[in-house]
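Two forms of the same protein chain are encoded below as structure tokens; each is given separately, as structure 1 and structure 2.
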Structure 1
């Protein structure tokens, strides 16, 4: 597993985003006055996220190869693939934690390499796969940190910020934990706090890396319901998920990564066809479809 040094800081302060290339890193963008620029190219202004021909390697090990993907407002796109296929690396590139060797990532028509961290944080919210909080921040304060990209001045916390954070906790169902220290929570409860923080950030694009992996079934359904409601408000949602059933049931579109390349992308029911599942998982599962339900089940011996 590769750990980027920014992970702990970005977990605390969503406005701080580190870039893997020193020439385009955090301090370069802070102190050399980089500003967001629109480029005269084929990138779409109406796409919340537009990834083109993205390639990334850790040293000599190629992880992503010419990946292109577009996510539009009001759409939930599920990112599926086996372990090691490059899903988390793709997310880290989209957040500026890693700098790709080739390709570009545009958010609402702007190349993220030209975005100051504070501006990128107003466009993209990120829920990591796992985050352990070393400091005893209260849940309400952790969720309120999602408002930091929108705060200005010496006394930045306004009533509106408090109301938004409170509403996010209510929406995710963690209001009763508001005065509990985050480092006293279970893994599933911490994940709900991170999702509430992303909701409070109120960005047009949300990236979630396996957001329901630590949750019980009831909370899984609750989170997917909230994501559906958020998408219906015009927010674009890209969800990394290991469960093909969740993608079939809750996502509008699906993108399948296999060995670092985009194997297929399209409407979820079409993308997760039997031939795609066989290529990704071998003969271990079968796609079942009825008039009211699609499901991926284990193949009987």
Structure 2
């Protein structure tokens, strides 16, 4: 267990009492049912991802300022942010590529700062946006690579890993593609393969970097459907996404990054209110709501 520095004790929320090592097991189980429903409980112990007042800067150029964000098991959080809002930097901090100057990132209560990649990969899975590979691995092998954080030693592929990878392909519904080479797949299928790989990694948290940006509408829907199923299995999913409609339609919660700080965070329909959209997109769009559906449309002249 990584030691909790005293610096994080600044914001004394009640939930913090349960955050220490001692209280974790019993209290979190006792309070799980109640705390999961409470929106105001920022530091809940059962959060799959808990980012607290994260700040990052390249030299003197500040990229992220005091960003706090919580994602709970079984929910999809959509991260909306225009280009240059610090979204990728936030992702890179969560994956341990960058080390924030301030703040902490906890995955299921474990501080991931300065974790070696081998350990971090058992906590966070990452689905990259682009996937151009010089070597056309088979889908079967690509999904199996998700097991590598759990493998040890020489000749590390064991029967158990093969079974888990097969299971992941079945759950995502790509078993029929198992013996296809990755470069012969469509963009949507490739994205599903990478999601299956992240599933095989068996982490409590999956990060996706614009999973639908290069896909046609049908494939976009297919990917979101799979993501909902993944979330239902108790995985926390953080998706960065450029389409506010997708976040309204498919995400439980939304977080909006604007110029390096978190503008708003909350249930998707509430977070993407008209004033948030106006701030982020400069009054170019309008939020329409009907009884069954919410939508963000361009402003008519």
Partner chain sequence: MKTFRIPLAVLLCCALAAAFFHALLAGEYALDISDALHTLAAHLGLGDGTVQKTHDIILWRIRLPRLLLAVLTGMAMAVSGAVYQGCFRNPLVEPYILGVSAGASCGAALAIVFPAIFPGGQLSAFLMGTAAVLLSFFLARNRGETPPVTLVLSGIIVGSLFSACIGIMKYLASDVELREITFWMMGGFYYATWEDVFICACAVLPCIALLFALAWKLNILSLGDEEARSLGVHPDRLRALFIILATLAASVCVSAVGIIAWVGLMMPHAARMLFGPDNRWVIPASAILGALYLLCCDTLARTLTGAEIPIAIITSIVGAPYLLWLLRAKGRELYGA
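Here, rigid core means the biggest group of C-alpha atoms that superpose within 1.5 Å across both forms. Keep in mind the model is a prediction, meaning the values are calculated, not measured. Residue numbers count along the first chain shown, from 1.
- The form predicted together with the partner chain corresponds to structure 2, not structure 1.
- Relative to the superposed rigid core, the position of the CA of residue 222 differs between the two structures by less than 2 Å.
- Comparing the forms between the two structures on their rigid core, the Cα displacement of residue 95 stays under 2 Å.
- Put the two forms on the same core and the Cα of residue 140 is off by 2 Å or more between the two structures.
- Relative to the superposed core, residue 176 has its Cα moved 6.1 Å between the two structures.
- The two forms, fitted on their core, place the C-alpha of residue 194 2.6 Å apart, compared between the two structures.
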